[in-house]
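Only one chain comes next, encoded as structure tokens, the form predicted on its own.
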């Protein structure tokens, strides 16, 4: 964690919040690079994964579940619909909203993205043993679960990394 001017001060090098942020930046870069190989972005992955796991839903409900902003959701749905990875159709109960459904091609694309994401995770966690990886996941899960309800206070959530 050296800078062009030399090492950071000790109190900065050991701050858990600073370390977590630095690790997140690295993880996001690796995931973005992996997804780019398939012409995808994190929002694409989040939306397809959500549709596969929970089934068809309105754009608004998908936005709330994934943390994707409304304007980003429109762009993401348009991108994926153009590539025939999802279908959108008017909701029979409320014609003002669309219901989004993953297509068979979308499921195949998601499987490809899963492989790319898994490779990025392996690269990111490569310095750690299997036991250390599980410990890190457990610790991060505890932190997110403890502080997750505060995530929406003053900060816009992002799609999973």
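Bear in mind that the values here come from a model prediction, so they are computed numbers and not experimental data. Positions refer to the first chain, counted from 1.
What comes next is about the form predicted in complex with the DNA, which is not displayed.
- Annotated contacts: 43, 60 and 94 all touch the DNA in the predicted complex [non-hydrogen atom within 4.5 angstroms].
- Heavy atoms within 4.5 Å of the DNA in the predicted complex are found in exactly one of 45-53, 131-139, 96-104, 116-124, that being 96-104.
- Heavy atoms of residue 112 never reach within 4.5 Å of the DNA in the predicted complex, leaving it off the interface.
- Shown alone here, residue 144 lies farther than 4.5 Å from the DNA in the predicted complex, counting heavy atoms only.
- Using a 4.5 Å cutoff between non-hydrogen atoms, residue 21 counts as a contact of the DNA in the predicted complex.
- The DNA in the predicted complex comes within 4.5 Å of no heavy atom belonging to residue 65.
- Residues of 70-92 lying near the DNA in the predicted complex, listed in sequence order, are 70, 71, 72, 74, 88, the criterion being any heavy atom within 4.5 Å.
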